[in-house]
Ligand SMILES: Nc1ncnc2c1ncn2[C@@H]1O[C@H](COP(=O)(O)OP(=O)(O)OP(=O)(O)O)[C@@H](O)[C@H]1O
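For reference, the chain that follows is the form predicted alone, supplied as structure tokens.
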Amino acid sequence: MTEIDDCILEMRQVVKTFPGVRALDGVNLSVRPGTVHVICGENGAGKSTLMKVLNGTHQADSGEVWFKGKKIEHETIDSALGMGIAMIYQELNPILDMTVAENIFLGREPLKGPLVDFKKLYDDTQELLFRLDMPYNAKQKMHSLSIAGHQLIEIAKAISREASVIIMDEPTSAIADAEVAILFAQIQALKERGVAVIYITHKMDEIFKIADDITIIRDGKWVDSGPASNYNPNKLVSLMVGREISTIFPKDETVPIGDVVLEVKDLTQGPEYGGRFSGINFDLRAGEIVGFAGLVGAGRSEVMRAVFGLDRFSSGTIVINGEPIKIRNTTDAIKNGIAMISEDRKMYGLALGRNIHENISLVNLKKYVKKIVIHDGAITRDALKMKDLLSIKIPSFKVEANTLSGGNQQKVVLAKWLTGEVKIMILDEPTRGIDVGAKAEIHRLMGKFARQGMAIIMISSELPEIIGMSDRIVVMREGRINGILSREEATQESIMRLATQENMKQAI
């Protein structure tokens, strides 16, 4: 461990217990000023709990926290902010009907007498946004921003507090590469001012791009700490999960690619339905994984929502197994063997307050109903099959979905579809917000389904995932397909070129 004198922050032998769970069991953390310290670990390892102890959300049962050479006692969120410790949470909670400025300075608005000085509020906010190179207006309402915009405003809020330590919990989980570049530029500027950034992420490429130091936590216990140069991806994954993962992207290139099962021809969404894509042409074959890449707003999810019947389109044809079909709603899509897992599993994929048994039966409930009676036994038999097939880790089918880790929640979403007859699986950001071990499991399952002849479409903002798992890659830009790359042609550079620049060649 680093000596206290060399650190702006040190946490020693921190223990935190919740009813029935020892979330932190003697965790250590030493953070130097002007550095990025990445905390790694699987979901449930204790990373966020440790940070909530640091920022005063939780009180440790035992252990010590030292900040700027002084021992902290009985910390609260307000006292942590007052000392200069700010945290950007993974789950964002902006006040959508308030402006960007009101969100950034909430609770500390400049006053003129007893009233808020709105001119100064908006002027100060606009100056901050300009300094941070963020393309927003201080008077914009938060509901006009994307999820990525909400994330960047949270970052601006933390920076506005002039904090000495800024905790960022999965800050890039919902933002695109261009916005990640803005974030990383701001982090570099913070380092140059001596600010320490504690950074939690599951993205390997980010870790080795941004980290100065790394701490690994597993099952609530401190495992290792050191300079980022001491680690490589394989070593880091092994320390995080306690076992070797031979490959994170296990796409079997020997899987035979079969006949075309899906053709999308000239699919266009006119202005009457939002106008978010036009002239979309691609096909998908049995046993094939086709990746869809592009920047946030490129139209990838919107195209797939239309194919699945969630959104309307104005013209174009969808062909399955050589037969044109009409998809007016999700029921039509499901009848034709199409399944879609949304990028937001909590909002669209799960009934969080319902148990696993109920969630798994949701999509194919008619299958379990006979003479208006639901046959729980049949649901339980299918649920057990899915539990074994997908390696879902649950103590009981009666636990609620909101109690599971991100990886197990994603597997439950998969399970509810796989109890039916799925020929075409659309996966929108299938590994967002889950740890490396769970990612490898999801990728393994995708490879298994492809070997069994399922046709898979995967939307992902993680280029290593797109390159590692796809047989072909469709790159979208501004609502159109800007190019289609073979596995051999695909590199991060070639994908980003198509995602950001106009392509004069017709996509093949």
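For clarity, every value in this text was computed on a predicted model and none was experimentally measured. Numbering starts at 1 and runs along the sequence shown.
The following text describes the form predicted in complex with the ligand, which does not appear among the structures shown.
Trainee: From the list Leu9, Ala23, Val14, Ile495, which entry has a heavy atom within 4.5 Å of the ligand in the predicted bound form?
Mentor: Selected option: Ala23.
Trainee: Between the options His58, Arg472, Arg32, Arg480, which residue brings a heavy atom to within 4.5 Å of the ligand in the predicted bound form?
Mentor: For this set of options, the contacting one is His58.
Trainee: Is it true that His37, Ser164 and Gln188, all three, sit within 4.5 Å of the ligand in the predicted bound form, judged by heavy atoms?
Mentor: Checking in the predicted bound form: none of His37, Ser164 and Gln188 is within 4.5 Å of the ligand.
Trainee: State yes or no: in the predicted bound form, is some non-hydrogen atom of Ser461 no more than 4.5 angstroms from a non-hydrogen atom of the ligand?
Mentor: Ser461 lies outside the contact set for the ligand.
Trainee: Can Gly406 be called a contact residue for the ligand in the predicted bound form at 4.5 Å between heavy atoms?
Mentor: It does: once the ligand is placed as it appears in the predicted bound form, Gly406 has a heavy atom within 4.5 Å of it.
Trainee: Mark Ala45 yes when one of its heavy atoms lies within 4.5 Å of a heavy atom of the ligand in the predicted bound form, and no otherwise.
Mentor: Output for Ala45 is yes: heavy atoms within 4.5 Å of the ligand.
Trainee: Would His202 count as a contact of the ligand in the predicted bound form, using a 4.5 angstroms cut-off between non-hydrogen atoms?
Mentor: Because a heavy atom of His202 falls inside 4.5 Å of the ligand in the predicted bound form, the answer is yes.
Trainee: When the ligand is placed as it is in the predicted bound form, which of 190 to 198, 94 to 102, 397 to 405, 122 to 130 ends up with heavy atoms within 4.5 Å of it?
Mentor: Single hit among the candidates: 397 to 405.
Trainee: Heavy atom within 4.5 Å of the ligand in the predicted bound form: which residues of 299 to 314 qualify?
Mentor: Residues within 4.5 Å: none.
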